[in-house]
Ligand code: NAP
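Only one chain is shown below, in structure tokens, and it's the form predicted alone.
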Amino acid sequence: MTHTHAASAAGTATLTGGLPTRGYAAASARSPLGPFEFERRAAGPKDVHLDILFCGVCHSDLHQARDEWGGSMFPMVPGHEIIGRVKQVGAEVTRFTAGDLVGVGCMVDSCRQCADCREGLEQFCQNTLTLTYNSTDPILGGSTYGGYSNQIVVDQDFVLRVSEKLDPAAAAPLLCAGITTYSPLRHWQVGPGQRVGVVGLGGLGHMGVKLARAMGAGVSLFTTSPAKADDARRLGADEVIISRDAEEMKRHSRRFDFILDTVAVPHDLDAYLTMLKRDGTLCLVGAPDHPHPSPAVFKLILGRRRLAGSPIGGIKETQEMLEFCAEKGIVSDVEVIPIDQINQAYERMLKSDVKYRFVIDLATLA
């Protein structure tokens, strides 16, 4: 199938024609992903044009490709965990040159004027946050197309520098799974002397364990599966708590300063609120397609506990995270796949049959 954007009148002044691009797209919520041709904008004065090497497969890709959250625009090219090399830059680009290893995460633009953008918190933009895919394209019209493709053009302010110390395939999930777990750990100032719990050992959870450990905290993994215990310890957890065991859970009540809940299906939050010390925080980063059961208000009131949520981080914080990971040698545990296996990967992801993130090798895009 073929789709081509027509540039809007407002966008043509700085553009010099389109870039024929190959990718994989979902034609509808009920369609498998398949080959798709479209046009990217050519690089304007402030743009970076990169060849995509690897793109991580996030659970939100599946949710949006199947319209499970509502609002999906089709055809859809998912992908917002992008690692590539700069092919060319616009005349006004000062931070990147051809050959640089770079990343693009969940955002490719924002209004830059609201209070949140001015604070470097573009993820909370109050006006026109432009997501990497499934967002209105302010330049070409239609929707933005993501990283399941061979190239992308992005404003330099939303491109991230990636250390050559990091394996590029394993670094790709840092652009979403990494920053989604790093940002709340940093915001709630996790560090030495604290006890941190991580709920779930999937794509997000395994990054939460690695990062909390690297920040100096004691780390406990909550899991329903005893079979994950050895892997959790390998990743940095110093203990594993089986959440289905009521007696074991009771032994750990009022013990945690911070709990990062990464599970993306509805579950009982009260069990984890009970684990918190006074003034502790339970932070949700998993995004289920149905609401959680309502927590008991008295579990919050009587312990002055917090139930919070957190999305990704801003560009500045994401760059900080990438540098932290380079310093500590942290990447995701990945299974690299050719792009023609993406539909099978989605089905395996639903069964939690991956340790712990699929990453597409875009060299396999014919």
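The model shown is predicted, which means the values in this text are computed figures rather than measured ones. C-alpha atoms forming the largest set that superposes within 1.5 Å between two forms make up the rigid core. Position 1 is the first residue in the sequence shown; the rest follow in order.
What comes next is about the form predicted in complex with the ligand, which is not displayed.
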Next on the checklist: My question is simply whether residue 202 lines the interface with the ligand in the predicted bound form - judged by any non-hydrogen atom within 4.5 Å.
Outcome noted: yes
Item to check | Contact label in the predicted bound form: residue 349 to the ligand, heavy atom within 4.5 Å | outcome: yes
Checklist entry - With the partner left out of view, is residue 132 within 4.5 angstroms of the ligand in the predicted bound form by any non-hydrogen atom? => result no
Item to check | in the predicted bound form, residue 60 touching the ligand (heavy atom, 4.5 Å) | outcome: yes
Checklist outcome for this item: Counting only non-hydrogen atoms, the one stretch of 96 to 104, 124 to 132, 279 to 287, 148 to 156 within 4.5 angstroms of the ligand in the predicted bound form is 279 to 287
Item to check | Heavy atom within 4.5 Å of the ligand in the predicted bound form - the one residue of 263, 89, 139, 190 that qualifies | outcome: 263
Item to check | Heavy atom within 4.5 Å of the ligand in the predicted bound form - residue from 224, 194, 274, 72 | outcome: 224
Checklist entry - For 297 to 331: residues with a non-hydrogen atom within 4.5 angstroms of the ligand in the predicted bound form? => result 310, 311, 312
Checklist entry - Can a Cα shift of no less than 2 Å be assigned to residue 226 between the shown form and the other one, given superposition on the rigid core? => result yes
